[in-house]
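Single chain ahead, written as structure tokens, the form predicted alone.
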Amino acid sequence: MSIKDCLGIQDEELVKKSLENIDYFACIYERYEKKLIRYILRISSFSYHEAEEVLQEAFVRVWRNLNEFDESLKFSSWVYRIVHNTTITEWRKTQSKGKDRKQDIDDELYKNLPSNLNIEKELGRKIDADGIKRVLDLMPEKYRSVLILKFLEEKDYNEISDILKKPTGTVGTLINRAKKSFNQIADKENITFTV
């Protein structure tokens, strides 16, 4: 089966087809691989190789739980939640083993921000990719995750709610607090942004 065979097939239909024929699961993997690797790198301190391993583990979990996918949710939110939880679990394991490292993220992930992203307006300041990366490195995980989901992964409140398993109102509160935290950290660390 080629990936071209899956073009135009909605995620939910691919789930059904994957349960009947495992070859379709490769289509799901191919569809989400790059996005999810980027997401893992953004929310963790993993190297690219480690992020690939985390993604593999997450997709094993996706496969094992595919029968239990709730069709009332967006499939993308469900996959992101599994990847998010797997990443956080693996990241905490490395922290407990004393592998406390700063994020080493490919600058291209931040330089190629979506063109319709208005993070500058939302955060009230002009920013550059290096500045974003430096501030996010210093943020608590709960705030970093919600900002990455909202502004870099371009998820709406409902999707973030599904991914993080938090009520939508809580997501809104977290985003507001995260934006304040972002600005406070930037000011405290004297991180300036290019105009």
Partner chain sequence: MENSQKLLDKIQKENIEQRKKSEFAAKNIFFWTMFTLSVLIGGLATSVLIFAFGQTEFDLLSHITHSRVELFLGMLPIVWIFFSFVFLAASIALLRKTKKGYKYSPVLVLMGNLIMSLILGTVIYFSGGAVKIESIFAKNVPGYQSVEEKKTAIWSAPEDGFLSGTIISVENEVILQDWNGKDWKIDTKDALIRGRVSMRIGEEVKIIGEMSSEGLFKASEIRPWKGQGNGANHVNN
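Note that the structure is a prediction, hence the values are computed from the model and not measured. Positions refer to the first chain, counted from 1.
Form predicted in complex with its partner chain: not shown, discussed below.
> Specify the contacting stretch among 54-62, 132-140, 146-154, 38-46, defined as having any heavy atom within 4.5 Å of its partner chain in the predicted complex.
Only one stretch passes the 4.5 Å heavy-atom test: 54-62.
> When the contact criterion is heavy atoms within 4.5 Å, does residue 22 count as touching its partner chain in the predicted complex?
Flag for residue 22 set to yes.
> Even though its partner chain is not shown here, does residue 84 get within 4.5 Å of it in the predicted complex, heavy atoms only?
Contact with its partner chain, no.
> Residue 32: heavy atom within 4.5 Å of its partner chain in the predicted complex?
Heavy-atom contact with its partner chain at 4.5 Å: absent for residue 32.
> Tell me, yes or no, whether residue 73 is in contact with its partner chain in the predicted complex, where a contact means a heavy atom of each within 4.5 Å.
Residue-level check for residue 73: yes, a contact with its partner chain.
> Could you run down 156-172 and flag each residue that has a heavy atom within 4.5 Å of its partner chain in the predicted complex?
158, 161, 162, 165, 166, 167, 170, in sequence order.
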